[in-house]
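Quick setup: one chain, the form predicted alone, written in structure tokens, and binding and motion questions come after.
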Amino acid sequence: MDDIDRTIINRLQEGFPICPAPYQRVAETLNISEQELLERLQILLDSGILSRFGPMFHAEHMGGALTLAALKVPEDNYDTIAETINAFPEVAHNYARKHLLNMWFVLATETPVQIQQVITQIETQTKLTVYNMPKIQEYFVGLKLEA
């Protein structure tokens, strides 16, 4: 990663223009061509320096719902339970934690009612209690990681 890559990463964390040619507009602010910007982004993604580049939508504003959930999974059955959880299309991501509640995941559904339906299905399939921790209040942190 060179200085241009660092500048691209830092610049894109400030927002992405909504216009007919957003990559071109960003490239112009970086004094590089649109093609170079696209190629560098692809290299950053392919190399794993960036894990994802794309929009983030506010699900609740679109009528959907999100919740953070956790399970207390027996270690000897962890991988099987992870596969079961990950098979649900509503599971946005799933990760391990060193905690009594050792498996955490985010559920994203098209409607708020579906959250409890999916939780019930997960509990039925895993025979484990799902600890649902819905968002009570939203705070905007504006986290930016300097490259």
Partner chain sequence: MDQIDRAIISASQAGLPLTPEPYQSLAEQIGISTDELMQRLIHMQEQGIIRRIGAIPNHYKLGYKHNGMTVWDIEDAYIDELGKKIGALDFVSHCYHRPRHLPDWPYNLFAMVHGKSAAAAELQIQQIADLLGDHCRAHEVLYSTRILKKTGLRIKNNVPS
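Computed from a predicted model, the values in this text were never measured in an experiment. Residue numbers count along the first chain shown, from 1.
Form predicted together with its partner chain: not shown, discussed below.
Q: Look up in the predicted bound form whether Leu38 has a non-hydrogen atom within 4.5 angstroms of its partner chain, and give yes or no.
A: Yes, Leu38 is a contact residue.
Q: According to a 4.5 angstroms non-hydrogen atom cut-off, is Ile115 in contact with its partner chain in the predicted bound form?
A: Judged by the heavy-atom cut-off of 4.5 Å, Ile115 is well away from its partner chain in the predicted bound form.
Q: With a cut-off of 4.5 Å between heavy atoms, is Asn132 one of the residues that contacts its partner chain in the predicted bound form?
A: Judged by the heavy-atom cut-off of 4.5 Å, Asn132 is in contact with its partner chain in the predicted bound form.
Q: Indicate whether its partner chain has at least one heavy atom within 4.5 Å of a heavy atom of Ala27 in the predicted bound form.
A: Looking in the predicted bound form, residue contacts with its partner chain do not include Ala27, since no heavy atom lies within 4.5 Å.
Q: Could you list the residues in 88-117 that come within 4.5 Å of its partner chain in the predicted bound form, counting only heavy atoms and keeping sequence order?
A: Heavy-atom contacts to its partner chain in the predicted bound form: Phe88, Pro89, Val91, Ala92, His93, Asn94, Tyr95, Ala96, Arg97, Lys98, His99, Leu101, Met103, Trp104, Ala108, Glu110, Thr111.
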